[in-house]
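In structure tokens, the next block holds one chain alone, the form predicted alone.
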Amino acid sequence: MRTGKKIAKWVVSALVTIVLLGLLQNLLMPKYMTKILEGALISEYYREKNKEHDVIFIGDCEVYENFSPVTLWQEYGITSFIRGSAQQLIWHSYYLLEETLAYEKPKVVVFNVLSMKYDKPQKEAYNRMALDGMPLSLSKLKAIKASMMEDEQFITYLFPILRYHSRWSELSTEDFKYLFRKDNVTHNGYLMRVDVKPVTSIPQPKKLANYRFSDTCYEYLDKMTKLCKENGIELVLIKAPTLYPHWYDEWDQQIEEYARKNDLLYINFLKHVDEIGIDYQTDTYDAGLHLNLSGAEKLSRYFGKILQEQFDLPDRRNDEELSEVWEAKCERYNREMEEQYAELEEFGYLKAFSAGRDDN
């Protein structure tokens, strides 16, 4: 009897300790709700109730800043979600795609090829933005292993409290407000910005010693191609129409050749800027690195037509249940757009994207 009580006490103590450590970990992890919003992107997918998307985008900022799923819905009735994160490298993209296919089987996967330029992990902060938001899975474990910098420790991705324990002195009201729940900061993965910073000059591209993409990048591109083909998914390779970092002709030729050999559609939108209607005086918020809302909507209208015609994607706007879901998304999208324009008129900049300015 005494032994039974001891075991019961031990179990209760262990459970209380686990719950307290879980709460402490949640408190100490960055929330990314009011600043550095890019850190909140990956986890939003798992809160999406309807995961039956026609199109999944994967890649870096050139997808989550440049394509609007709401526009694809409004113009073509295409359902889509962007699984993007800041400087998402190709191994991040592959494992995110592998994990996404455990939830749904889209008809089309769109991958932005800029990350082919990186053959090594670049920075822990970008790893964290891609990986911390993923729930535990075999894909996440493989992604962590592929992504870690030399000075990172595997266990800190499994138990982030070991990485963030020192944040206790930086805790703010945001950490307590979003301890148990988070708001969505994107619109199906699209991070909206309405501000404008026109292009005045474009940095001259540097000559490279070697223009060939690395074997590591090709290995993951092959894995992505194979994964899509095994699941009956059309893989589309794209290069977003951003002016820099520079996209070299030598890189473009390699992707064209890869797409031809593997019977994939590849679109370099830089070659279609006039057809899309992009004006780099009004359609970018950072002088050509990314498009703003105006540019993203133009690009989405152009790309949506291609997606619908090439892959025979159905117009789902007659689906009453789905239309109700997307009507709510459109209302939130329009509300944020109006709020951003109002904030821009009042302050001259958007607070969430102007780190430090509102602290001065």
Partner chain sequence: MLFTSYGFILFLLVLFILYYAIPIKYQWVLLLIASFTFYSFSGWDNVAYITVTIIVTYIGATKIGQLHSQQEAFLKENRDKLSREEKKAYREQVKSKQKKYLIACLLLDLGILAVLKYTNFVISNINSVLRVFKAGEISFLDIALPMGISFYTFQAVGYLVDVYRGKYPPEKNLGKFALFVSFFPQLVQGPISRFDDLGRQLYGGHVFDAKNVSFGIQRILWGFFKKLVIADRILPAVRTITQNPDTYQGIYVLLGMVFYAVQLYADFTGGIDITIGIAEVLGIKVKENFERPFFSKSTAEYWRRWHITMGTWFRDYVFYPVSISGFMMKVSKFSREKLGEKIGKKVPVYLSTIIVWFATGIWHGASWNFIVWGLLNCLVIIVSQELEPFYAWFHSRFNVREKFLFKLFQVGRTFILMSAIRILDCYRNVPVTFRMYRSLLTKWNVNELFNGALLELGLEKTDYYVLIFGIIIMITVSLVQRSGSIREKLAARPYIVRYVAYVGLFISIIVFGAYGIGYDSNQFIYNQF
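Small disclaimer: the values here were computed from a predicted structure and weren't measured. Residue numbers count along the first chain shown, from 1.
If you look for the form predicted together with the partner chain, you will not find it shown, but the lines that follow are about it.
- Contact annotation: Thr282 falls outside 4.5 Å of the partner chain in the predicted complex, judged by heavy atom distances.
- Using a 4.5 angstroms limit between non-hydrogen atoms, Ala342 is distant from the partner chain in the predicted complex.
- In the predicted complex, the partner chain sits within 4.5 Å of a heavy atom of Val16.
- Among heavy atoms of Leu23, none comes within 4.5 Å of the partner chain in the predicted complex.
- Partner contacts here mean any heavy atom within 4.5 Å of the partner chain in the predicted complex, and among 218-226, 138-146, 157-165, 83-91 they occur only in 157-165.
- A heavy atom within 4.5 Å of the partner chain in the predicted complex is found for one listed residue only; from Thr200, Thr173, Gln153, Gln253, this is Gln153.
- Put simply, of Glu124, Asp195, Glu75, Glu234 only one has a heavy atom within 4.5 Å of the partner chain in the predicted complex, and it is Glu124.
- The partner is not shown here, and in the predicted complex the stretch 261-295 never reaches within 4.5 angstroms of the partner chain through any heavy atom.
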